[in-house]
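There is one chain below, alone, in structure tokens, taken in the form predicted on its own.
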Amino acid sequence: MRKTYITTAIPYVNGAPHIGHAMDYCLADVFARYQMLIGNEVRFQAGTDEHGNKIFQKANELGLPVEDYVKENSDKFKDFIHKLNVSYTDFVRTTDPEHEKRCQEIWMKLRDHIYPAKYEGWYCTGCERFITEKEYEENHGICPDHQKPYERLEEENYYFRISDFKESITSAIEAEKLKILPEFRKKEVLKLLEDTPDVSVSRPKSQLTWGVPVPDDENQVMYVWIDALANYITVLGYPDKDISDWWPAAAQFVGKDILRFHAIIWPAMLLGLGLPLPENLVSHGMVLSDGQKMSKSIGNVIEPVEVINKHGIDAFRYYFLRHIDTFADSDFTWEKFENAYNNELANDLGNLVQRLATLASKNNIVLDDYTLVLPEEYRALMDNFEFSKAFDYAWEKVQGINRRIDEEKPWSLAKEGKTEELNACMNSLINALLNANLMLKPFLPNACEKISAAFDKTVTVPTQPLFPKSK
């Protein structure tokens, strides 16, 4: 048995949970459930990023104490994660006193790589980060995400010397001691690493009031990197506790938009602390809406809770884990979703369970002791984070069982009174279903639990369809 630590990126709590957050959580949850399925012990982190000016300003606009505002929004994310049926074990808030104290201790451990310097350059308020001259020129002076001009700032900050670690990070990525998935993202990171400057890790308190104070400097507050990225180890107890049972993380799941920070700044921090790098950085793509990037101004934003409320969590997880590629940008439309739900989930799996349970019950089939095995092909896909392909592999087994029922016609065996042949046929079909069900458990935990219960020692015919079809 292996101890396996899995992390998700912590969302900024000035907005509602969106589909990108759902992908982080669901992909990490699939890997966590798979690890438990093969007998490993899992710790699974989630949390919320709660410092920064945008948070402070939003709380003021709403007339709320900032502490109340961040708790209220953190609770929304907890509720959202619960709706997704995600099995996290640890939840960290960056306003937790223990996290703040540990961040200050981490700062002190990194201080040989931190230096004060004056900065004059471009800053994006929406992103809460400094922009290089190259980015400024490429974006023509306007942030592509927030559609607002960059601001010119001049201030004195502390900088973290990324240059101390560039060579080591490059070597680790090239040797896959830090594996970046998918492969094409690895090449992007190596290219970005060449031009990455030292990064600002503080702001003057006059500019940033809501954050972790810099140790030994009452005029500076920690900037996002050390505060937010450190959560992955502070939640384990670092530096107060020995975290070697769980660190390095087996997998850290992030959206492609924040991969550069996790693949460059985070490894530099870990190397500065003398800690090993995570084994895998898994970067997922974007969910498009009818072929376009989701945008409130366009009005094409897909609300995850709306999808869940319409057909339930298994339907949500089915579409977004099978039809949304694990690594590439993929498309959602309601038409595609309804088609996948009715013709695949409800028809292929839901009807299959109902047919087999009804046939077995009607003909008093005595269930065998079944042998459940995860095929090597499936395990290889899951071990390599090819979740959508692993889901396809399991679904092919489901479709194969449907074909077998039509070919072997167990109802004909029943009519002909061939009891022994019928029993053997039905047990073989149910055994195949339960093996497919085992592979589907990380993806559709609710439905798979019901399927297991329907064929547990005696057959129980479901009184309601697993997936009622849309009208």
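It should be emphasised that the depicted structure is a prediction, and the values quoted were computed from it without experimental measurement. Here the rigid core means the biggest group of C-alpha atoms that line up within 1.5 Å when the two forms are laid on top of each other. One rule holds for the numbers: they count along the sequence shown, beginning at 1.
The form predicted in complex with a small molecule is left out here; the points below concern that form.
Undergrad: Considering the small molecule in the predicted complex, which of Pro276, Gly255, Pro149, Pro239 comes within 4.5 Å of it through any heavy atom?
TA: Spelling it out, the residue with a heavy atom inside the cut-off is Gly255.
Undergrad: Which pick from Val287, Ala394, Ala346, Val353 sits with a heavy atom within 4.5 Å of the small molecule in the predicted complex?
TA: By the 4.5 Å heavy-atom cutoff, the listed residue in contact is Val287.
Undergrad: Are any of the heavy atoms in His262 no more than 4.5 Å from a heavy atom of the small molecule in the predicted complex?
TA: Although the small molecule is absent here, His262 would touch it in the predicted complex, with heavy atoms inside 4.5 Å.
Undergrad: Against the small molecule in the predicted complex, would His18 count as a contact residue? Criterion: heavy atoms within 4.5 Å.
TA: Residue-level check for His18: yes, a contact with the small molecule.
Undergrad: Please tell me whether any heavy atom belonging to Ala447 falls inside 4.5 Å of a heavy atom of the small molecule, as the geometry stands in the predicted complex.
TA: Ala447 lies outside the contact set for the small molecule.
Undergrad: Looking in the predicted complex, any heavy atom of Ala9 within 4.5 Å of the small molecule?
TA: Heavy-atom contact with the small molecule at 4.5 Å: present for Ala9.
Undergrad: Go through 382-390, 192-200, 277-285, 113-121 and give me the stretch that gets within 4.5 Å of the small molecule in the predicted complex, heavy atoms only.
TA: One stretch meets the cut-off, namely 277-285.
Undergrad: Once you line up the core, how about His146: does its CA shift reach 2 Å between the shown form and the other one?
TA: The answer is yes, as the C-alpha of His146 shifts between the shown form and the other one by 2 Å or more after core alignment.
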